[in-house]
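First comes one chain, alone, set out as C-alpha cells in the form predicted alone.
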C-alpha cells in the first residue's frame, strides 16, 4: 500500500516546543467504534454472558488450567506480558500473543491473518496441541455438556436450536463477547474536538508520528490492524526467522509479511513484534523508523513519538471484563490431563 501522506500538512511552532496540527490530517484515523457487530452473529445479552464465561473457562483446555484469558488477560490490557505464552505441558507458543482489545476491528486475526474474524480465531487455540490442546471438537462438547450449568446458558444464548451446545456456538459466543472489547482513550477525546485531551508533549509526539510517516501503516480507528506489511520493508530485518503470511497464502512474495498491529494500548502490551523480542517502546519506535521507513530518528523524536503513543492507552470497562462465576463440574466431567 502506498503511504497515506497526501492529507498531511504539518506545522511545527518553532521555539516553543509545541505543535499545531491541522485537524484535516486526523481523518487518517477515524472514530473508534464502541463495538464491531457481526450480522452473521448478532449479539444478545445472553450470548455475551455465555461468551464471557467461556473466555474465562479453563476447562476448555485439556489440563483444565488454561483459558483464553490466560494468554489474553483482560486485567492486563489483553496480554500476558510474555514473549511467548505458556501452552499445554509447558509448551511455548510460536508467536507473541497480541491483545484481544479492539481486535474485532482488524482485517483478520492472528499475526498471519489465518482466521477471518474473532469467531474463527476463537476455534484455533482450543484445539492447538501446543496451546489448550483439546483433542477435537467432540471432546470439547463432551466436557461442556458434562457441566450442568452450561446447557441452559447455551439454550438461552441460541434459542430455538435443538442442540445448541456446539463448537460453532462456542466460537460465536466468545466472538460476541470480544466484539465489545473497545478501549477509547484520550486520543479519541482529542479527535472528537477536545483540544486539551492531549498535552503539549503528546501533541508534539503526534506531529512527529504524522511527519515521520508512521501512518503509512498505522492508520484507521485502531491505529493499525488494517493491512499486512513486510517487516524490514526498507532495510532487511536482521532477526527474521518466521515466514509470516506466506506460509498461509502460499505466496512467496509475502514472506516476512505480518498483520500490522494496532497501537492502541501499546504502552501496556509489551513485549513487541511477532516474536516478542523488544520490551522497550522507545526501542520499538526507533527500530520501526529505521527498518520500515529508512529513517534514523534523533533520540528526542523517538521519545516524543513514544510520549504520544502512551496517550493511546484506553479506558477499559471493568464491569464488562470482570471474571464471572463459572458453573461447577458435574460427576462425569473429565479429569484434567497432563502430558
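Values in this document were obtained by computation on a predicted structure and should not be read as measured data. Residue numbers count along the first chain shown, from 1.
One more form of this protein should be noted, the form predicted together with a further copy of the same chain, which is absent from this view; the next part is about it.
Looking at the partner-bound form in the predicted complex, is residue 239 within 4.5 Å of a further copy of the same chain by any heavy atom? Taking the distances in the predicted complex, the answer for residue 239 is yes, it comes within 4.5 Å of a further copy of the same chain.
If we define contact as a non-hydrogen atom of the residue within 4.5 angstroms of the partner, is residue 288 a contact of a further copy of the same chain in the predicted complex? Residue-level check for residue 288: no, no contact with a further copy of the same chain.
Heavy atoms within 4.5 Å of a further copy of the same chain in the predicted complex: does residue 278 have any? Residue-level check for residue 278: yes, a contact with a further copy of the same chain.
Verify the contact flag for residue 283: yes if a non-hydrogen atom of it lies within 4.5 Å of a non-hydrogen atom of a further copy of the same chain in the predicted complex, no if not. Output for residue 283 is yes: heavy atoms within 4.5 Å of a further copy of the same chain.
In the predicted complex, does each of 44, 123 and 149 have a heavy atom within 4.5 Å of a further copy of the same chain? No: no residue has a heavy atom within 4.5 Å of the partner.
Partner absent here, but in the predicted complex, which of 23-31, 295-303, 65-73, 36-44 has residues with a heavy atom within 4.5 Å of a further copy of the same chain? One stretch meets the cut-off, namely 295-303.
Give me the residue from 247, 235, 194, 142 that has a heavy atom within 4.5 Å of a further copy of the same chain in the predicted complex. Flagged contact: 235.
a further copy of the same chain: the contacting residue among 226, 155, 83, 133 in the predicted complex [heavy atom, 4.5 Å]: Going through each option in turn, the one that passes is 83.
Judged by heavy atom distances of 4.5 Å or less, which residues of 245-273 approach a further copy of the same chain in the predicted complex? The stretch 245-273, when checked against a further copy of the same chain in the predicted complex, contributes only 271 at the 4.5 Å heavy-atom cut-off.
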